[in-house]
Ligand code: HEM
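Here you get one chain, nothing else, as structure tokens; it is the form predicted on its own.
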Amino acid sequence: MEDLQALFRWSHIIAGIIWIGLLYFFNFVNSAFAPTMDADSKKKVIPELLPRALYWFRWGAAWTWVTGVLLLLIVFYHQQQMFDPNNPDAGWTTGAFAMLAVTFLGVFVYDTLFNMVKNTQVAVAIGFILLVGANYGFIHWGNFEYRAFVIHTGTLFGTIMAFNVWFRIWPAQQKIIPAIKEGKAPDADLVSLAGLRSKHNTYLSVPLIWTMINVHHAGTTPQNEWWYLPVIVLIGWGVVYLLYKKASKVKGF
């Protein structure tokens, strides 16, 4: 199991670097570069560049998610690190299974929310309230041990991000890229959807990385305090906001 854990962790990091590196390229570099191209340049560059980039992007996402779930299975389920052994109420209770469902099925709540609520700011506010509720639930309904609570929040984020890549961004780009190649204006709704979900992934990625490292230094954080992680999420979103601001100011020669 230790050997498998090392192998999966290594694979997880490599795949994650490929995925998140390209995510940041799209959002902090390409988003500012693409509008500088004229129509002829777009017809030549985008059909050659994006399919290659999106190949590594989507498979990086897939392997990051798969290896992350495998690590979750080995470290927290197989090695029984989900619950505090000193808590008599902890274990695979109805509350624990409910919070496990939130981890892997919460993506459909997220997707429905942003499909139904067209005002992005309102949808984000509702989403954050739901996240706070989930964080409270991991500790007080699921009785998850602190490290398990943190990594399951990260798994929720990662599942949303991988879903966006495979079921929202990639299908949209499969229609956007051929339209550009043919010199046609792509469907504005598809462009908006792909851009918005990519932006969501960028905002989720920074808090997600925190959950990955916090698992290894959980002793420096308030144990069993569900409010701590939502504060970190807000800080992470602030960091991404500043990165977007900086990206808009970087110019070419």
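From 1 onward, residues are counted along the sequence shown. These numbers were taken from a predicted model, which means no experiment stands behind them.
Heads up, the form predicted together with this ligand isn't pictured, but that's what we're talking about next.
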{"item": "G16 within 4.5 Å of this ligand in the model of the complex, heavy atoms", "value": "yes"}
{"item": "Contact test in the model of the complex: R52 vs this ligand, heavy atoms, 4.5 Å", "value": "no"}
{"item": "4.5 Å heavy atom contact, G142 to this ligand in the model of the complex", "value": "no"}
{"item": "Distance check, G68 to this ligand in the model of the complex, heavy atom within 4.5 Å", "value": "yes"}
{"item": "Heavy atom distance at most 4.5 Å to this ligand in the model of the complex, all of K44, Q173 and K181", "value": "no"}
{"item": "In the model of the complex, the one of A96, V107, V75, A134 near this ligand [non-hydrogen atom within 4.5 angstroms]", "value": "V75"}
{"item": "Candidate stretches 114-122, 173-181, 155-163, 82-90, one within 4.5 Å of this ligand in the model of the complex by heavy atom", "value": "155-163"}
{"item": "Within 4.5 Å of this ligand in the model of the complex: residues from 139-156 (heavy atom criterion)", "value": "R147, I151, T155"}
